[in-house]
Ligand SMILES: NC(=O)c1ccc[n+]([C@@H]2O[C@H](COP(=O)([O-])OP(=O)(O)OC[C@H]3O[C@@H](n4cnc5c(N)ncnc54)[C@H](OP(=O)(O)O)[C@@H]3O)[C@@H](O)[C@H]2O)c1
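Given next, in structure tokens, is a single chain: the form predicted on its own.
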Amino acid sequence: MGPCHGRVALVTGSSRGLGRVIAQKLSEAGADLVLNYRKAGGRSEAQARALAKELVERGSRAVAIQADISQKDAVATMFQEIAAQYGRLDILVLNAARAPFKKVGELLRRDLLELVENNYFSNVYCMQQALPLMQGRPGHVVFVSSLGSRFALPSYPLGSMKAAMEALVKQWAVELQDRQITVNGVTAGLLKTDSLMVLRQYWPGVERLPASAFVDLQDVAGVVLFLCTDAARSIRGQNIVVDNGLSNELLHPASAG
């Protein structure tokens, strides 16, 4: 009987990495889960279905639903399935992200479209479809951001989309306050996920940063969980930074030796 008991939560991009940990954390708090993955027939589907099975075996309800959320029709279909399976939605965690690692000056038109469609349009589509399923009850929306929204990171144009979404978090918080739906963001620091392996190619020495520079995924997921509970009902339109204090000081990989 955790703080999310009886509630239904959708976590986009929850087959691996931070999204997976967030889904597990919400399940432990009593929520029923919708696990979203982008591509059918690949590793992501296998991981999402394995996680759904794991959560069910632990006593939760959980379903894995494929949807490329950059596509409006795919999002609509996903939410139709959520409505059929659960009939409601109480928590929406906008975690999925997809972008090339390139300098801004090297971005092609298709790169720009990928940035906007996968990291802005996708979240708007999900929010538009989620609101009818949240009708008549309190709800919580959490957007997962990154330090790239505030600082220039090497070959990380995704940061500009994160910044745009942080602005939209405030807009939604104002628009939805009368509906008792809280909207907030969690700005995560450096995480040891699959993306770090790619980032090493563009940010030489990042792996030599001290351990304290990296955030435990469980810590970020814990803040997301808090924002999805009644204890956070007075927090609205905020972006909470979870980075072990990294952004409080100047720190360069070279200083790590």
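This is a predicted model, so every value here is computed, not measured. Numbering starts at 1 and follows the sequence shown.
Same protein, other form: the form predicted together with the ligand, not shown, and the subject of what follows.
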* Please run the contact check for Asp68 against the ligand in the predicted bound form: heavy atoms, 4.5 angstroms, yes or no? => yes
* Asked: Taking 4.5 angstroms as the cut-off for heavy atoms, does Gly237 touch the ligand in the predicted bound form?
  -> no
* Asked: Does Ala188 reach the ligand in the predicted bound form if we count a contact as any heavy atom within 4.5 Å?
  -> yes
* Asked: Given that the partner is absent here, does Phe79 sit within 4.5 Å of the ligand in the predicted bound form, heavy atoms only?
  -> no
* Asked: Of Ser149, Gln129, Asn184, Asn118, which one comes within 4.5 Å of the ligand in the predicted bound form, counting heavy atoms only?
  -> Asn118
* Structure fact -> the ligand in the predicted bound form has a heavy atom of only one listed residue within 4.5 Å, and of Arg98, Lys170, Arg88, Lys102 that residue is Arg98
* in the predicted bound form, which of the stretches 129-137, 170-178, 152-160, 103-111 has residues with heavy atoms within 4.5 Å of the ligand? -> 152-160
* Residues within 4.5 Å of the ligand in the predicted bound form, restricted to 26-47 and counted by heavy atom -> Asn36, Tyr37, Arg38, Lys39, Ser44
